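The chain below stands alone and is given as structure tokens, in the form predicted on its own.
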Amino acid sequence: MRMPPFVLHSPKSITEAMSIAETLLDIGEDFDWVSGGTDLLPNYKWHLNTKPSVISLAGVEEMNRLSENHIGGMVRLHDLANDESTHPLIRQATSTIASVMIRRSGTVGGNICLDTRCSWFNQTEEWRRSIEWCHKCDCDTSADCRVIPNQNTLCVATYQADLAPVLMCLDATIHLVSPSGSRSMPIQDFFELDGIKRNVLAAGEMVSHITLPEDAKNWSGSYRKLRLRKSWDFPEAGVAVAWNGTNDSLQGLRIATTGCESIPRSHNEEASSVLKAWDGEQSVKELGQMIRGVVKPVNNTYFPPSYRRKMLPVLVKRAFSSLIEGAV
């Protein structure tokens, strides 16, 4: 498949990147940010929402900073998974992403901002043209959603990245920068329930880095996911849990899911509910059924929605195994 033509810009600093973005915005030219390119470039080859300009962040060294409480947007997933300063929960989740080769190219910012996926959308241009377009890539045809017809107000493409639910469980803050300034927010507020919009990024805005609170080191946890194969495939369902304390004296509990809806979702209400009367295995079973009840996948990935929902309590149980069994 041939890559469509585009102009590549290669800034060496965030300041230079913002200057290029501002110039493109002023002349009304659409553009994409590219970090590792493991998602964007395959989509470009499939002619999925391509732009005439692309700004590469590969040369922005300041975005490669990695420490215990700071993760730059351009930190490679391989480095995140293997650095001793990385929180153990993040290290575990990162090591499950795709394959070693993908992790050597893919970045933190790219994973968090991963485009939503759908079996009707993520196909070659020839395939999509043969059945008409869809709401997410309508090519100015006003095409209908292929998953849930006659409701062209919301795209239901699925968010299938791994880092977001783990960062939610660790109460991370995401930091954004644009030509007009910078802003920060809890990472759960970054995502927007729409498979097209996906997140709150404004025109010309990008993720600069992630920070963890000082007490993140007091939280343990685990991440479990369902996928077709052990490498390469995106999660069909993912569950991240984090806890503060032991099974006999649990002080804090958080849980988040991914791969089931158009956004990763934090389930603080359900976690707080079982924490009030924590009873080990029984509470885990109750929590698993709660998560199964509130998560609503649609039929646009490899496994059917009923199976993905059925697997959520299983993933919850597996994620809590080290807490229940008293493993370190």
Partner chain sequence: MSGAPRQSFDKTRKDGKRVAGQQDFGVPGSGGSSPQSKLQNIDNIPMSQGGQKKQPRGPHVHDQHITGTSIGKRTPLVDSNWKMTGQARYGDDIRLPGELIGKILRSPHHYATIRSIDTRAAEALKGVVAVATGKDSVNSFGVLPVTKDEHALAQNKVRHVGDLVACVAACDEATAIEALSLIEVEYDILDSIHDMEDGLEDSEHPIHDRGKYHIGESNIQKRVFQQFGNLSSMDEAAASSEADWTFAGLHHGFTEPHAVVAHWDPTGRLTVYTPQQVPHYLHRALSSVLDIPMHQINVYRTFVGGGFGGKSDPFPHEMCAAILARKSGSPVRICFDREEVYWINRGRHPSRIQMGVHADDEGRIAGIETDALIDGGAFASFGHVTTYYNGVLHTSPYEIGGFHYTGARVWTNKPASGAMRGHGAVNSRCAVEVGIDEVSEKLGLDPMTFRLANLLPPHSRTITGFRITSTGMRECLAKVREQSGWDKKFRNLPFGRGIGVGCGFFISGSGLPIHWDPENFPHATVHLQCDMDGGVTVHTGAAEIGQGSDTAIAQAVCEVLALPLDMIRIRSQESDTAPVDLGSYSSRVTFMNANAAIRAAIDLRDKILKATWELIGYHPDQLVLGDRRIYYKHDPAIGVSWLEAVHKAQADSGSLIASGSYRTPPMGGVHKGAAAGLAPAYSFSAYVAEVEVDAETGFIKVVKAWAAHDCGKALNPLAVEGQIIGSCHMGMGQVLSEEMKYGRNGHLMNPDLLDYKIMSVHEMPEVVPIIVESNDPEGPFGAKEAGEGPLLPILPAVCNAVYDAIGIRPDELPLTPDRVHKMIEKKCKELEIDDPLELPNPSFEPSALQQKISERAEEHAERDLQRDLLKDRTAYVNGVLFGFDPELPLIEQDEGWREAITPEQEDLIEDGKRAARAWKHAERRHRGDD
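Because the structure is a prediction, the values reported are computed rather than measured. Positions refer to the first chain, counted from 1.
Although not depicted, the form predicted in complex with its partner chain is the subject of the following passage.
Within 4.5 Å of some heavy atom of its partner chain in the model of the complex lies at least one heavy atom of Arg227. In the model of the complex, Gln123 approaches its partner chain with a heavy atom inside 4.5 Å.
Its partner chain is not drawn, but in the model of the complex it has a heavy atom within 4.5 Å of Met311.
Contact check for Arg146: a non-hydrogen atom falls within 4.5 Å of its partner chain in the model of the complex. When contacts are defined as a non-hydrogen atom within 4.5 Å, none of Asn43, Trp133 and Phe191 contacts its partner chain in the model of the complex. Across the options 219 to 227, 174 to 182, 252 to 260, 161 to 169, residues that bring heavy atoms within 4.5 Å of its partner chain in the model of the complex belong to 219 to 227.
Taking a 4.5 Å heavy atom cutoff to its partner chain in the model of the complex, the contact residue among Thr246, Gln151, Asn82, Ser119 is Ser119. Along 303 to 321, a non-hydrogen atom within 4.5 Å of its partner chain in the model of the complex is carried by Phe303, Pro304, Tyr307, Lys310, Met311, Val314, Lys317, Arg318, in order along the sequence.
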